[in-house]
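In the block that follows, a single chain appears as structure tokens, in the form predicted alone.
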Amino acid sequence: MNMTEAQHFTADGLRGTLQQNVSMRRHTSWRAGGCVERMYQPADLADLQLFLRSLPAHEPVLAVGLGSNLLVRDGGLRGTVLLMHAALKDLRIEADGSIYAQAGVAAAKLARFAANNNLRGAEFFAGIPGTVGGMLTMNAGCYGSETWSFVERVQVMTRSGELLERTARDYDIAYRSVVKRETGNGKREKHDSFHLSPFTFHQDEFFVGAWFRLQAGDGEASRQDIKALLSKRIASQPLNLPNAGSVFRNPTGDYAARLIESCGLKGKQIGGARVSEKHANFIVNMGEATATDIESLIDAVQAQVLAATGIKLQCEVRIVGDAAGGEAK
């Protein structure tokens, strides 16, 4: 980045924190990967608007929450990462009884907040290791429930900093997929984990908040449900090692973990990356795994399951950046 660009990225009035050449190992749950050219943590929603308006139109932007569904290749990431967690963190009960949560609010925090306000339905959020932004983007879910079943409307910000509201009617919503419906130019904009989402480059808009509609209930019962859910999660998932949650989407009528286990792939290891013996749909970092190790193991699992079953597992994790040596993939 030349000096003119550096001045442009520190525009007057910004209140957030700008860093350069930041390792994404510290900002992804896999604890692996390369560096990003720039990272900006906005002070709040208004500061994010100002920052986006200060960026050149061609600047690649990636929004990151807890980095729990993200792999950044070892060659690093060109452009700017927006660090949303602990930045967009507003969480409140509205006058109409809905919950407003900004994109940086952790899913587990939202679950507890709902229970403490005697609202039912959000308990499963405690099992999602991410933030509201990621939940909205991929229609995250677990234990039979999905995010968008409880969304009344969303708040989005355009690449130019315009703040808008949309409802579920503006999207085609499916399993781990949220697709913006037809626009005036006849195109559909994808907001799932692979395409034009808040977590990929060159998107036109991304989620910054949402209003959730939940049923009145017994807060103590909700807290007990959350406790039971977390106990189940601890018992069934390898939470003692760095991981990114479920790596593959469940194919229709089956489970990715069952297919992987049926192929004898539990314990398969490449470098420091290993298919968990505890849950076959998890890849864990045994200590010094590189992003290349992890991606190679993902590819190997896909290839072996395809060869044995004829089913091509679809990756649920977002993989971005350049391969080691600087070549984009």
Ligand SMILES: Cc1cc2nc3c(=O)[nH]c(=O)nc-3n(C[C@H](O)[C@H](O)[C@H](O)COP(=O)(O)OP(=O)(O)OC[C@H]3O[C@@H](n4cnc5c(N)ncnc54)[C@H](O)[C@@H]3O)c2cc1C
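When you see a residue number, it is the position in the sequence shown, counting from 1. Please read these numbers as outputs of a predicted model, since none were measured by experiment.
Only in words, not in the display: the form predicted together with the ligand, which the text now covers.
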item: Answer option from A111, I128, V178, V151, heavy atom within 4.5 Å of the ligand in the predicted bound form; value: I128
item: One residue of L66, C263, I298, I270 in contact with the ligand, assessed in the predicted bound form (non-hydrogen atom, 4.5 angstroms); value: L66
item: R318, heavy atom within 4.5 angstroms of the ligand in the predicted bound form; value: yes
item: Partner contact for Y40 in the predicted bound form: the ligand, 4.5 angstroms, heavy atom; value: no
item: Partner contact for A101 in the predicted bound form: the ligand, 4.5 angstroms, heavy atom; value: no
item: 4.5 angstroms heavy atom contact with the ligand in the predicted bound form for F207; value: yes
item: Contact stretch among 32 to 40, 284 to 292, 298 to 306, 58 to 66 - heavy atom within 4.5 Å of the ligand in the predicted bound form; value: 58 to 66
item: In the predicted bound form, residues of 131 to 147 near the ligand [heavy atom within 4.5 Å]; value: T131, G133, G134, M135, T137, M138, A140, G141, C142
